[in-house]
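This document starts with one chain, in the form predicted alone, laid out as structure tokens.
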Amino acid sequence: MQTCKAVVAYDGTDFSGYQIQAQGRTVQGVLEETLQQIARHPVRVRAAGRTDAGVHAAGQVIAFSLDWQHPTQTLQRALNALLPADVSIRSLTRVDAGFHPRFDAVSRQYRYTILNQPERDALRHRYTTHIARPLRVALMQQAGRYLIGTHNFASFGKPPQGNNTVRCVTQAEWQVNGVEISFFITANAFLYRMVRNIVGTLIQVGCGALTPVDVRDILQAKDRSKAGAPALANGLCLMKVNY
């Protein structure tokens, strides 16, 4: 048995999230079905994170073990030949059997992209959230700085397990590229829907409903009811996992 690490990209639009479940098409389910087809035995896939329905990935990391006696490049080509068009293997390498994509990760980066123009764009709607009203990006940038550091982020999400809501954020910044406004956030780990809840709150700052100081107060309140509604899933993408 060989253990492999793969960097996976997927368009999350037509998936019910990453994690396999009783009903609905999932990224994990598609990966495991394809690996079983190649290896001719069941293959369990471990991932760095569990993205929600509609969320995309450019750099999801998975690991799996299978009976494979050929070069890894051959396995990557076979996977990409059999996987559906909305999932692809960007890279594949052999690793030690003890490697775990989630527990060995030191940080993860997400990007949230907003299309900020009066008209919606049919060619970008799968990967951006359309907001017609002009956003005050400078204020959103200022509000984001309050998130950097080690804080209790209970106002912005729930832990996937246990009750620890403390996370360390090392990046929280907006970048403007024409009519697209993207929020990049990097942390050691994330709470459930943490990024979407943060972005939803920062959008309120951009619209003038909240001030940057309000975001600081919301963070310190440790109360989910104080923050804004979550931003839509389609603008969110897991960019990379660092080890």
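What you see is a predicted model; the values in this text were computed from it and never measured. From 1 onward, residues are counted along the sequence shown.
There is another form of this protein, the form predicted together with another copy of the chain, and it is not shown here; the text below is about that form.
task: Using heavy atoms only and a 4.5 Å cut-off, decide whether all three of 11, 83 and 126 touch another copy of the chain in the predicted bound form.
output: Yes.
- request: Find out whether any non-hydrogen atom of residue 57 is located within 4.5 angstroms of another copy of the chain in the predicted bound form, and reply yes or no.
  value: Yes, residue 57 lies within 4.5 Å of another copy of the chain in the predicted bound form.
- request: Report whether the minimum heavy atom distance between residue 87 and another copy of the chain in the predicted bound form is within 4.5 Å.
  value: Yes - in the predicted bound form, heavy atoms of residue 87 and another copy of the chain come within 4.5 Å of each other.
- prompt: Should residue 119 be classed as touching another copy of the chain in the predicted bound form when contacts are defined as heavy atoms within 4.5 Å?
  reply: Heavy-atom contact with another copy of the chain at 4.5 Å: present for residue 119.
query: Taking heavy atoms only, is residue 241 within 4.5 angstroms of another copy of the chain in the predicted bound form?
result: No, residue 241 is distant from the partner.
- request: Given that the partner is absent here, state which listed stretch (176-184, 49-57, 199-207, 63-71) has heavy atoms within 4.5 Å of another copy of the chain in the predicted bound form.
  value: Single hit among the candidates: 49-57.
message: Considering non-hydrogen atoms and a 4.5 Å limit, which listed residue (100, 77, 94, 133) is close to another copy of the chain in the predicted bound form?
response: Checked against the cut-off, the match is 77.
task: Just give me the residues of 16-35, first to last, that have a heavy atom within 4.5 Å of another copy of the chain in the predicted bound form.
output: Residues within 4.5 Å: none.
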